[in-house]
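For reference, the chain that follows is the form predicted on its own, supplied as structure tokens.
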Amino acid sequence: MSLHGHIIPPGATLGVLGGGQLGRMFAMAARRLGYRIHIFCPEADSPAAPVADRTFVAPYEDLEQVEAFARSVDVVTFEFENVPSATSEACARVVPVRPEGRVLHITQQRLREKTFLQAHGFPVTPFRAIHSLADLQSATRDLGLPGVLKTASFGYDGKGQRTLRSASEISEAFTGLGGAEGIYEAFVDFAQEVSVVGARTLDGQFAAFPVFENVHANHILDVTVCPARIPAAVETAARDLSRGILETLEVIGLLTVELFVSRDGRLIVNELAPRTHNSGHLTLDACITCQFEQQVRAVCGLPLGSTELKSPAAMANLLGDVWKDGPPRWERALSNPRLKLHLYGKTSARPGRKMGHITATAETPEAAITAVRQARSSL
């Protein structure tokens, strides 16, 4: 059913692997542009299902269902990178997959990702592959302590990682890998964490959003602010770095580059995500084009939209913890007329689970941060 022309026009059907909140917001943006949406995910009650035209509910390993899904759409994209390679390959036999499965393959495994970046001259912290306790012992000797031990695969929101501060923790930390392949990274003494969401089309057009400054709590993104409070030269360097990575990977679609800014102003690539990103949610309310519409445009071969920031803005995640004392008092937060509430339609609130986010625009980044923090605490 693929439209083999360069452009997949409005009216066509877009397929999304994954049914989480990123898929939900992608579907909403695609609908505004006149596209139909089919979702493939293992859960029947996914956040994206109520806003999709059709949901295929099956395990990612059910390649018969995957192929049926692919036959029902004109292009396939991702909202979640931990999709098996065989799943994206099965789709690619039927329709274009954007970004390509090769991009997914590199970015879904930390060792492959870091090795790729290092081989192409992008700045990464020193790292070692960990397959045995002896590997970890020699890595801590070579790269020093503290350092960060991570599982090589299936990590997000800080899952599968821990900071090692002394030699006495090495043995227990290795056991914690549970036999999985690991990666040990030298500790980065960073001043800030930032991210760049970049988009690239089939004909090589590139656009990046302004750099987002991110603050984490318990390894989960807590607050994002834009513009990032960094020197102009660092902002330019971060966007240039993003462009270089998207072009080297030949990405068609969106890719997020997470970066550390060191205390002496150097940029170090932390991780890549071949999709929209939690830190880009404020684009829904603060930019001319949001990251989800940009993903639609990029995978469909449409010209990219303006990434211009209309106003300083901040975004705060709403985790399940907000519900622990009963239903949140939404009217309190919304008493700020410049506050925007986005809920993801998840049925049960659990501590640490992303249930929604709030965004505030303001005259300055600091005022926007204050507004979202105050609004969240009022709930």
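Residues carry their position along the shown sequence, with the first being 1. As the structure is a prediction and not an experimental result, all values here were calculated from the model.
Absent from the display: the form predicted together with a small molecule. The rest refers to it.
The stretch in contact with the small molecule in the predicted complex, judged by heavy atoms within 4.5 Å, is 215 to 223, chosen from 278 to 286, 215 to 223, 83 to 91, 169 to 177. In the predicted complex, none of the heavy atoms of L202 sits within 4.5 Å of a heavy atom of the small molecule. Proximity of L111 to the small molecule in the predicted complex: non-hydrogen atoms within 4.5 Å are absent; the residue sits far from the partner. Looking at F116, you'd find every heavy atom of it more than 4.5 angstroms from the small molecule in the predicted complex. The small molecule in the predicted complex comes within 4.5 Å of a heavy atom belonging to A186. Of the residues given (E100, D135, E235, E258), E258 alone sits with a heavy atom within 4.5 Å of the small molecule in the predicted complex. Residue-level contacts in the predicted complex: of N270, S153, S72, T307, one residue has a heavy atom within 4.5 Å of the small molecule, and it is N270. Using a 4.5 Å cut-off to the small molecule in the predicted complex, not one of D325, S348 and L379 places a heavy atom inside that distance.
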